[in-house]
Each structure stands twice: as structure tokens, then as C-alpha cells.
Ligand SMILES: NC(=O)c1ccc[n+]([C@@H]2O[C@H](COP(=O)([O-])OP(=O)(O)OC[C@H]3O[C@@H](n4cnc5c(N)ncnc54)[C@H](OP(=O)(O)O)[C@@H]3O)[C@@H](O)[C@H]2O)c1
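What follows is a single chain, given as C-alpha cells, in the form predicted alone.
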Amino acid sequence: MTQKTHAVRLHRFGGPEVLSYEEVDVPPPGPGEAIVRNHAVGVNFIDIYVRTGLYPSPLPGGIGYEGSGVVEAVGAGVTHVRPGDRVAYCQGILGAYAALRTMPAAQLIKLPRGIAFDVAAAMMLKGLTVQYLFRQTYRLQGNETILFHAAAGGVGLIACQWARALGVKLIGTVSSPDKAARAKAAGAWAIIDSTRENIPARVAELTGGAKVPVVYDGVGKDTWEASLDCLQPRGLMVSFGNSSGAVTNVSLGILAQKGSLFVTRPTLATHVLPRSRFEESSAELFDLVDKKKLKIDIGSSYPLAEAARAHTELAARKTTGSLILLP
């Protein structure tokens, strides 16, 4: 039987004002699907990319990738979850900004009892992003010195803690003294204030001129050149986000000039397939949280109806830690 719920929808691309809070139908689950009642929903920069059309999506449509809640019903063929299970998810079909949703059951992972719904919604996409960055894209072994931009953001604070757990020296960039303190407390080895310090010069100073083997850059356009200048010869530039705008018109010759550098533009979607990898990555994340090596910082929470305010404050870089919506 079709149910009614409230969800945030997109009818056109644009600013936060295009986010429409409305009543929608929730169809019964078909084969391979499940109905999940969300208890919390994660807000991420990728949602802004979808809202603005940087990452095109069908219109009208839902928005949001990440959430946690309880399974209410499952369709034919679904065996790995059942009604009553606590679950979390972070990829796949858009539509997490909803109180209730029908979705592919393959995207759901069972949530350990010790992890609260708000924590799960705040950490799945960001935590699994750090997992693939640190354990798959460039597999850190320990003792490396690395550069991580936006170290006081939702992904950054998890990265600081994960690096510390691995025995890695993380140099984090931030934009204010308050954010510097947060990143340092989370485990950053050193901090660079990007508003008043020269990033490559400071990295060279901190590393005794050696620079770093890998840069993790989720900022994009504003930090592209500086990131390349922080790399050792044959170092890897990991450009995994565009919070300041997309990197465009890049000449491959610059990579040769700066030391035969490597560049990759990874996304989470290709690092959680097949499902066995999704399960393994999630298990590693859950284990670190369970052992208190990762503490998820929920910077702000908003009612689902105020998703536009969450987007406005996230885009203005007024927030730290993770943002969640509460249906």
C-alpha cells in the first residue's frame, strides 16, 4: 500500500531556495527494495553539487545520499535485511532527504547497536570517503607525512583521527583559529591557516624540504596549484571534491614540470563495489568507532524542513564537523 511522507524535492537547479519541502507518496517495496524510516539524514557537499546541477540528476527528483533508520518492509528477494533492522546507507539512488523512503536494499548495511542513528547519518559517507582515500586510493602504511585540505570539515575531522590511528602525520589546512583548534584536537600533526600562510612554503618547512607523497584535496579550484607544489616527485594528487569550484582547463604538461606527478579524481561510488567491499569498508569504519578511535563530531542539526538553511551555512563554510537533518 502506498504511504504518504514528507521529503525535500528538487524541481529545478539553483540556490538553496529551490529545495522544496513537500508531501510525497512512498510506494511499497518491489523486488530487491526496502522501505526505510529515516531517523537521521546526512548533509554533504555533494548534495550542493546536485542542487546546483554541477552533478546533473533527473528533475523533478529527490536529493541526499546518506541516512540511517529502521527497515519497515522488504520486497521479494531481499534476505540480508528484514523489518526491524537498524540500517545505514550512503550511496546510490538520490532521496535521503525524506522521513520515509523506498530504496534498493543492496545499498543498506546493518548498523551495530552501539552506533546511534545520528552518528551513523553523520559518518557513513564521510567515513567511507576517508576509508577509500586512506586505505584504497593511496594505502597509508604509517609514518607518512600527508597534506589534507579542509581538516576541520566533516571529512577532515574524521581524516585527522584516522591518520592518528594509523600513525600518520597529517598536515591539515584550515581557515580560522577555531578550526585550527578543532583539527589539532582531532589528531592533526600540524596546521596551516590558508588565509594567512603560504601552503607550499609551510609544507616544505614542516617536512624539512621533502614535501609530501600524497595530497588529499576536497576543495578543488582554490587549492589545485598549491596542492601540486606540495608534492614530492612522483607524488599523488588526490582531487576528491570541489567545495570551491571544479578544477578545469588543466594542462597535463604541468604534471611533468612539477615532478612527474600523478593525479586521480576518485569517487566513493566506485570504491564500495562489489558489495563485499562495501561490507569490508563499513566494518573497518564501525570498528574504529566502536574502539573510540573515531569520534564523530556532529557540528549542527536541523529539522528536515530547514534543509535550505543547512545548505546555506555549509556553503558559506560557517560549519564544522558533520551536519544532519532530523525528519
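Note that residue numbering begins at 1 and tracks the sequence as displayed. Because the structure is predicted, anything quoted here is derived from the model rather than measured.
Below, we turn to the form predicted in complex with the ligand, even though it does not appear here.
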item: Partner proximity in the predicted bound form: K291 to the ligand, non-hydrogen atom cutoff 4.5 Å; value: no
item: Partner contact for T267 in the predicted bound form: the ligand, 4.5 angstroms, heavy atom; value: yes
item: Heavy atom of F45 within 4.5 Å of the ligand in the predicted bound form; value: yes
item: A315, heavy atom within 4.5 angstroms of the ligand in the predicted bound form; value: yes
item: Options 96-104, 199-207, 169-177, 71-79; stretch whose heavy atom lies within 4.5 Å of the ligand in the predicted bound form; value: 169-177
item: Option touching the ligand, based on a heavy atom within 4.5 Å in the predicted bound form, out of W224, F240, F134, F117; value: F240
item: Heavy atom within 4.5 Å of the ligand in the predicted bound form - residue from L125, A159, V215, A183; value: L125
item: Residues of stretch 138-170 in contact with the ligand in the predicted bound form (4.5 Å, non-hydrogen atom); value: A150, G153, G154, V155
